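A single chain, nothing else alongside it, follows as structure tokens in the form predicted alone.
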């Protein structure tokens, strides 16, 4: 009987955060602490031919100046394995400061360790480097003629080419075709807390690292490989994380650099990236171009989709965010071709950025769908309804659950879609008013390894539940408190959830909107198994009122085990445990995720609608209101889920209108690597946002039927805004972000 799941519970960590009591990785008190500063390469391609560290070494407070000459070698070449696997998850197959070669601007070339951060920073400016530069590729247009089709992308998880049917014939036979090319500026994550690592060696082979990460176990396994240690020798702690959005999903170089520096100086070392270093040290959403061709009959039925992507990757890795995956299954399309083309450039390997692939790929598809609707002369919502598929178009398997048509209907109702005026017919003074919509899809990603959680009930009726998941702003500790309380049948105030350490039961990194479902499934199984164990003890106990009862006929309410049809007969957990001299009872729960080919298509669905105002003279775009309706399966906490979805929608607004990292090709360096120049939405940009959910029952994805809400809120927003801009102005937008000069 569910009492906790679905409630709008306040965040269990909220009080600590607003009081400033939460400990972030750069705030953990450590005796005898020293501070490290990374010095970065100023060139994009070449090699170091000379280094002079003498002045830096003589500076006050400096303990060490390390370069590739004396840092030491890592034990193995990093492997690019996405952190969802729950294993070592380096951000790229390259570790810096191993030789003199420079592959990208911002690559670490030295570390200074001093007794204060200020002294370390100053000493870093005293190191003199002499470089031999070579030509660099930092923009797609510099080397598009060298593009290639990789065999696999995204850490080897996805093919570089996929197809079904006969696209060429379908295009030739089509009544209507839309062919468009879309360009996307690079994006960076910019969480409020920069990445930070504090490394403490307790012995020659015992290391504790306090790290800002989405996955303590991923950091543990990565450091074990790089340092040549057993995972048992490494403990990673990550209690509070100040945002990530993907920048802390993979494990970058700084935790290992901190550990190597700490081993060298024989004291704990804290390494905190600067805001500028966050633009060169933790990946980004790559510069990319996508070409879409849609073929349809005169009634709007899609007959073919051809979707090609060109993007910039690093010299080492075939990385592309999977922009073609969700568009390939968004609508019924018997003929499909999707190809990734990569260009190697002088950049760090790109990485997960919130809604990786879907945020860009669905923008291209949904803008093309809007253009197709206009060509055919039907309502954009009607076009999508005509092409809705009850099965996965790629596999032919039914969806594990959908709810998409209900999302369309509810969004239209909340937005007033069917009452909107005709295109380009509404004006308020200088402002041209328009409306637009888009579909949202996000794959339900599953871990590949077992997920574990530990539940322990004490004889006073309180419980502690543990799993190695980080809290990086999603509210997972709160949701897990609710899942645990629900599984045990006790009030939430009698449950404490503990996470954030690799010493706790292993769960995968919280990535791909899968964190809550992964740890939640393990917590659910641990607590329900613990509940069932106590029920079994009660019905077997001669002194229990439940003696001889069928365990299936017993339920738990507020910590009391009672007969389902006679709630007056029963006893509390505490009664049983005191009588049987049990101070506590503990269970380790393990969830084995279903195989990827379990017989169903698995996606989360939603609908986005937006109203914009465009200044007719200046081209300024203001988003006035947005509506998002989503079907994420079971909602664990309405308050935190609403917050996640709204945050995603505002992120999508930033993608549409503001966010772009600009490359200076002369220097091969980012030209706006600061929050003063990289624009993100602020409160003044936030419109009226309405969020709603359609709960759909799903017995396939996991025991609780939840799909995740972390990223689906981003998907579709930029397209809805771009389509609204066209509705207001009559000008299609083929490049993100939409800046005023594109509308003048």
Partner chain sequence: MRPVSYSRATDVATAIGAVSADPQSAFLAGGTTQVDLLRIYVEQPRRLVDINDLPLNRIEELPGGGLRLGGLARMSDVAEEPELVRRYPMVAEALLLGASPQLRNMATIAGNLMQRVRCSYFRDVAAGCNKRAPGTGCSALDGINRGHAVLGTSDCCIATHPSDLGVALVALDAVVQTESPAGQRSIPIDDFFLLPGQTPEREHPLTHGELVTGIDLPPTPVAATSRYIKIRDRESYEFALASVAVAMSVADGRITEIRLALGGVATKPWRARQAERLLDGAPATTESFTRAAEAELAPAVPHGMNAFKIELARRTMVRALESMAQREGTT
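Numbering follows the first chain given and starts at 1. Note that the coordinates shown come from a computational prediction; the quantities given were computed from them, not determined experimentally.
Although not depicted, the form predicted in complex with the partner chain is the subject of the following passage.
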Please tell me whether any heavy atom belonging to residue 615 falls inside 4.5 Å of a heavy atom of the partner chain, as the geometry stands in the predicted bound form. yes
Checklist entry - Just to confirm, residue 28 within 4.5 Å of the partner chain in the predicted bound form by heavy atoms? => result no
key: 4.5 Å heavy atom contact, residue 739 to the partner chain in the predicted bound form   = yes
*State yes or no: in the predicted bound form, is some non-hydrogen atom of residue 664 no more than 4.5 angstroms from a non-hydrogen atom of the partner chain?*
yes
Only hit among 550, 584, 205, 118 for heavy atom within 4.5 Å of the partner chain in the predicted bound form is 118
Picking from 680, 33, 51, 700, the single residue whose non-hydrogen atoms come within 4.5 angstroms of the partner chain in the predicted bound form is 680
Of the candidate stretches 122-130, 296-304, 213-221, 250-258, the one with residues having heavy atoms within 4.5 Å of the partner chain in the predicted bound form is 122-130
Of the residues spanning 425-452, the ones with some heavy atom within 4.5 Å of the partner chain in the predicted bound form are 430
